[in-house]
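The chain below stands alone and is given in structure tokens; this is the form predicted on its own.
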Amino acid sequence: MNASGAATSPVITGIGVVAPTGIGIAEHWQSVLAGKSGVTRITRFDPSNYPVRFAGQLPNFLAEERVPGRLIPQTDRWTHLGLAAAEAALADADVRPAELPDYEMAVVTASSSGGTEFGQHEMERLYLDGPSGVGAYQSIAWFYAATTGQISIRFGMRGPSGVLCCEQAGGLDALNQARRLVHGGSRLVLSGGTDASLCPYGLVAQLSNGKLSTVDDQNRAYLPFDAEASGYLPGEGGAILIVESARSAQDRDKGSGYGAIAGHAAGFDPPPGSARPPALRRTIERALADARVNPEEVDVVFADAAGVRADDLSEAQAISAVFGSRGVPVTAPKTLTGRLYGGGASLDVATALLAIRDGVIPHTVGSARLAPGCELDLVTNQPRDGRVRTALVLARGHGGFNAALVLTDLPRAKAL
């Protein structure tokens, strides 16, 4: 392969975490390794009249401390989290946007719920005060691209920007779009996602899929791959990452950063009742092929881990079909946060990169007895030490979205 026909994988040089497990890399990672859960009884509103009463909530996040004051009343909490995570990621990567060409910086995020809480309050004003009570910012604060737009404006990034709306899978698809933009010439891309839908309107919307756990015990409500799996718990937060070319990172003395985005694939499940198989196995195989990675080279799989028995079984079967029965360590630290929708997959990517950095696979807290048919090497009880050079992150979104992302410790050459 000659130089003109290949490009190396983009690398991730900055991570900004706002999650129920902590704000910032250190706090999040310490909580994950200690098995410290961010799932609590919902406090953002009184959940007494709802069948779901537990969720992953951010500890002590005050927008006034992390977001410019004028933006707070104009934007939803989901955007507040995105702005805070973006600023933390830039600081972690030692990037000062004002010193870079503005049209060479891009923003691509994932969104699932949009500005749900903001919209709820505006609807309350509509019903109480009539049309004149609705503020002008309703027209933009709810919109799925609002966080991308506000990050772009806040940090002067005028290059290509967009949003991926694929529910939980969107975080991986957004990072792959960042990868494409870097290959296309963008110097740097802020990517990932956040979500914040812990309000009455948002929770009711989530209940409609019938997959949330109503178990009234925060330690037993979300048990993916377990014989007692009963659904999942929701959460808020996510992660924003800095994606740039390997050469750019080297020029800035950042080496290979936390790791490289080596491969990706996306798929879509057939409709219920179809004779065609689910898309996940094929999605995994295509992502590995894209990365030029063999199954035996993968050191850990960060599972989607829906906590819904049928979904867990189909994911376990897809993993076993590719890697063999109990053929690769599998983990789901998202039991500590709940599923974060647009922010969930990017947080899994951040956690996987820290596993690569430190040579340790975080464990799955809660799950203890595998459900029949789930032939997985699920890491439980405690973190597992060992070199992690390649990680596979899986995510599925409501409605049939599937995505797989391959992370490696070093950039790899890829044919264009």
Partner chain sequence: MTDRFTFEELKEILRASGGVDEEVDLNGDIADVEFGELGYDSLAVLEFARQVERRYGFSIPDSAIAEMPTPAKAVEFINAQFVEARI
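Residue numbers count along the first chain shown, from 1. What you are looking at is a predicted structure, and each value in this text was computed from that prediction instead of being measured.
Although not depicted, the form predicted together with its partner chain is the subject of the following passage.
- When contacts are judged by a 4.5 Å heavy atom cut-off, residue 371 does not count as touching its partner chain in the model of the complex.
- Looking at residue 277, you'd find every heavy atom of it more than 4.5 angstroms from its partner chain in the model of the complex.
- Residue 99 falls outside the set of residues with a heavy atom inside 4.5 Å of its partner chain in the model of the complex.
- Its partner chain is not shown here, and in the model of the complex it never comes within 4.5 Å of any heavy atom of residue 185.
- Partner contact region in the model of the complex: 132-140, out of 285-293, 132-140, 200-208, 185-193, criterion any non-hydrogen atom within 4.5 Å of its partner chain.
- Think of it this way: in the model of the complex, its partner chain has a heavy atom of just one of 360, 52, 379, 67 within 4.5 Å, and the residue is 67.
- This chain is displayed alone, yet in the model of the complex one of 74, 250, 219, 325 has a heavy atom within 4.5 Å of its partner chain; that residue is 74.
- Using a 4.5 Å cut-off on any heavy atom, none of the residues of 150-178 reaches its partner chain in the model of the complex.
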